[in-house]
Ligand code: FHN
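Below you will find one chain, with nothing else, as structure tokens; this is the form predicted on its own, and questions on how it binds or moves follow later.
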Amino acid sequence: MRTIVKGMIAAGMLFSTTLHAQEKKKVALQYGAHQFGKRTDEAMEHWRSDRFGQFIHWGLYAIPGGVWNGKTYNYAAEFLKSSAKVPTATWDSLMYQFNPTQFDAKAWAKMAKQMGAKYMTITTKHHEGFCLWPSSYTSFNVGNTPYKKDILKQLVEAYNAEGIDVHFYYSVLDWHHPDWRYDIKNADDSIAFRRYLDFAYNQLKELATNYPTVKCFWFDGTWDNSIKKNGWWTWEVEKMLKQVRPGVIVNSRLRADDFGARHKDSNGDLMGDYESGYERRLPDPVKDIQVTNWDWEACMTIPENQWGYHREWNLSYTKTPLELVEMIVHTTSMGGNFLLNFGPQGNGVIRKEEQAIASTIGDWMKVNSEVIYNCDYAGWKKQDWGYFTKNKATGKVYMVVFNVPISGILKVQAPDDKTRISKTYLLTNSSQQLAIKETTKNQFNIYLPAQSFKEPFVIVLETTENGKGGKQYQDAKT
């Protein structure tokens, strides 16, 4: 019997060792991830501390605004060419109507500053192929419109003057370019697409060279088989951008590996400097906390289905300012950045509804921004009343309260036996301490003052790390 048991144990150990070896074995990749873990250089730390940015989708699609030949199309306005089946030549002729005489880069920048955005990402070229700068590699650009002036130059100067970094969105997918291919099915496709890849490479080098203060490249339109089959090119582009502009940041949407895996390579390692797969959704604040293993950013629309300007503001559900504030906090509490989109009109004006939303968010940020900037995952258990964030420099822990219990009692669970809550107070009134009571092992009640809270508010937790809490409480025996 002992012999049988020993044999079973030995077999089990061999199986475990073999399984562990299989789990550790990785596929050899030439174009997969080339860095592991979070970047710790100054440029990346700066990006990480910003937490909140403004996204702007602007192009020729802002002129029709989701309406073609009198018909309103419910789908995203920036996809109107596809939705309405507009011939390329007809769509491209919109370039001769592009004359945003009311565009004021300084006004846009001031709105972003008031909202609390630390960076802005602008669509230099969306899927339609139209360029907001006078590119040397195509005539399909703003320099050949009635407007003529360089949009990017104005935006970079205006936003930088307000202390806001500028990031460049670039769509690799290009409906205008004759050499773009959705897939590579034969030799002719391969030759044509190689010409396109050279074109895109040159444009990206042009952007990195001509606008030296750009801090990040945000890629899109890389989901088609044509790009998946050319992972080498995505790696070459990332290397080139970082050589031309040292410290520049590149999102995960650019990359594909040797086998066509995107965002994360075939070994599960993140490609690029941060994950940008969270589009119009956020990770679950309890189940998905592992996303803090690498940097990430969520991008969000205000009307549910629209990035670019659509004439019909209420075509789909429109998020309220406080919903968006909660999304900013939610994202920060999990160690991510939040990028909120705006779609200016064809004349260059940001619609009044979006301006009002930005203003309301800004009013909240003016009072509470210290719970966002330079903050991260706090390590405290998520509670129904809201979210925790923690300042990376000061170590302060914040409770951002969105749902006030009828009891007026906020329950808090310390992360361990050593962490004790020594003091709590409202961020807006540090002199008014809130009552705290330990109720069971590592768990506390915080008692709110008898007052009405009309918007999300913040409680500051001061803690000590030398406690020996919970010893008077007996663990339940079941």
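Start at 1 and count along the sequence shown; that's the residue number. Bear in mind the structure is a predicted one, so any value in this text is a computation, not a measurement.
Omitted from view is the form predicted together with this ligand, to which the following refers.
Next on the checklist: Quick check on this chain: which one of 55, 31, 444, 52 has a heavy atom within 4.5 Å of this ligand in the predicted complex?
Outcome noted: Selected residue: 55.
Item to check | One residue of 169, 91, 133, 296 in contact with this ligand, assessed in the predicted complex (non-hydrogen atom, 4.5 angstroms) | outcome: Comparing distances to this ligand in the predicted complex, the residue within 4.5 Å is 169.
Checklist entry - Would you say all of 78, 253 and 307 touch this ligand in the predicted complex, counting a heavy atom within 4.5 Å as a touch? => result Judged in the predicted complex, 78, 253 and 307 all sit within 4.5 Å of this ligand.
Next on the checklist: With the partner left out here, check for me: in the predicted complex, does some heavy atom of residue 127 sit within 4.5 Å of this ligand?
Outcome noted: Residue 127: contacts this ligand in the predicted complex.
Checklist entry - Can any non-hydrogen atom of residue 279 be found within 4.5 angstroms of this ligand in the predicted complex? => result Within the cut-off, so yes.
Checklist entry - residue 259: heavy atom within 4.5 Å of this ligand in the predicted complex? => result Residue-level check for residue 259: no, no contact with this ligand.
Checklist entry - Any chance residue 223 has a heavy atom within 4.5 Å of this ligand in the predicted complex? => result Although this ligand is absent here, residue 223 would touch it in the predicted complex, with heavy atoms inside 4.5 Å.
Checklist entry - If contact means any heavy atom within 4.5 Å, which of 388-396, 178-186, 192-200, 215-223 contacts this ligand in the predicted complex? => result Heavy-atom contact with the partner occurs in 215-223.
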